[in-house]
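The chain below stands alone and is given in structure tokens; this is the form predicted alone.
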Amino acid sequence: MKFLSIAEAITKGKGKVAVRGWVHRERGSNKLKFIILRDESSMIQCLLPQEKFKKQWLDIDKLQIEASLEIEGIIKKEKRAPTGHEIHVDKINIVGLSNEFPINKDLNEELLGDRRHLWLRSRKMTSILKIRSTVLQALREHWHNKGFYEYHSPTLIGMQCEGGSTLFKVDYFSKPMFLSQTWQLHAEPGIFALEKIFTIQPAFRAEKSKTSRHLTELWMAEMEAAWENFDYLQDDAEQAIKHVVSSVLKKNKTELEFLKKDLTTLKATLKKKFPRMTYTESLKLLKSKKKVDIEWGKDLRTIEEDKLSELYDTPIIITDYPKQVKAFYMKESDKHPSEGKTVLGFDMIAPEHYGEIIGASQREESIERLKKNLKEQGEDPEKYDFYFDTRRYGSVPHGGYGLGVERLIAWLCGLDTIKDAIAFPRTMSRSYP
């Protein structure tokens, strides 16, 4: 027979079916064996009476969690079964044995990390990874539908982009190079050919942080567009998040229910326009609503972002940050001359204490300003000559943003740690498996 997924078999509801998967749970006596079989789509209870399998009974009776099986039988409705159906088995083929599966409810986070390659089989991780797939598909849909091209930058680069202290140094044929922190510097040349581009690719940050929000290897979804202004970037970022949330709510209802995710902020995100405020306005709001007084010019820390997120049930956009706390390539703004130098950059802060999920800016077009900014950060402008060529030959207004995929997934799934938003997290203390 042709094998069906367990979900397809449940949809069929009656008659003969063939399914295959892994033992999720097993119990029984010397007369009857109950096996809960799982595959990527669902799970189903399977009944195996001893009298029907006398020749195979010793092997069936020894089956343990995670053994792999092929099963044929008659599917019927059964209200008492975990998914409302069960299969009365006629044939069983034991494909792969499992002996004392090394994961149980008593393992702590560190031991689960050591067994991550097996923990991926858990319903929790399966649910998260399905949502992750939806997120990546939705982001691609969003940009493809707007005429963007997918484009990739190199992973090995010869200069810093976001900050020299967070670079991973690599020996490249006896020459020092670095793992890319962002596609930024090699993306901007691409817009002069393709105009609107995006990528979904890894980024590497050597931040010595052990918080629940940081990874050393993360995935970024980034866009860059020619001829567009600061308002366009904010609009596109909001539209992208709304499309992702809509897709997850439509496609991953079962997974969200299993993860016990409160959908309040996700539903509000679809219905409401995201609040937008300047950095200066956010400081006033923190002082008046949260009794938190921040000196102008200081970057917003996690604690301040969390306090702001408590005031809204959707993501919020904070614009016009002080120049001194942002990257060298962000364009100076003349909107607020009385407040000090600001840039046309924004951060999007997620609700429910999930922090910054998007960082964006319109890009500086002046070569002299770019060189000045680099020198102020202790960087050698000569390393960036190829980048300056984009300004020498037909520069245009342009900008883009980077979205932290794992941070977005952590919010969508209601996770306690960003480490569960990726299959194999890399952190200061975790590089294996």
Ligand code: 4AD
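Nothing here was measured: the structure is a model prediction, and the numbers come from that model. The first residue of the sequence shown is number 1, and the count goes up from there.
Keep in mind that the form predicted together with the named molecule is not shown, yet the notes after this line are about it.
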Given 79-87, 271-279, 183-191, 149-157, the stretch touching the named molecule in the model of the complex at heavy atoms within 4.5 Å is 183-191
Can you work out which of Ala226, Leu167, Ile294, Leu218 has a heavy atom no more than 4.5 Å from the named molecule in the model of the complex? Leu218
Quick one: from Arg213, Lys196, Lys331, Lys130, grab the residue that has a heavy atom within 4.5 Å of the named molecule in the model of the complex. Arg213
Check Lys307 for me: does it contact the named molecule in the model of the complex (non-hydrogen atoms, 4.5 angstroms)? no
Just checking whether His398 would be counted as a contact of the named molecule in the model of the complex - the rule being heavy atoms within 4.5 angstroms. no
Would you please decide whether Asp313 lies within 4.5 angstroms of the named molecule in the model of the complex, comparing each non-hydrogen atom pair? no
State yes or no: in the model of the complex, is some non-hydrogen atom of Lys261 no more than 4.5 angstroms from a non-hydrogen atom of the named molecule? no
Though the partner is not shown here, which residues of 283-321 have a heavy atom within 4.5 Å of the named molecule in the model of the complex? none
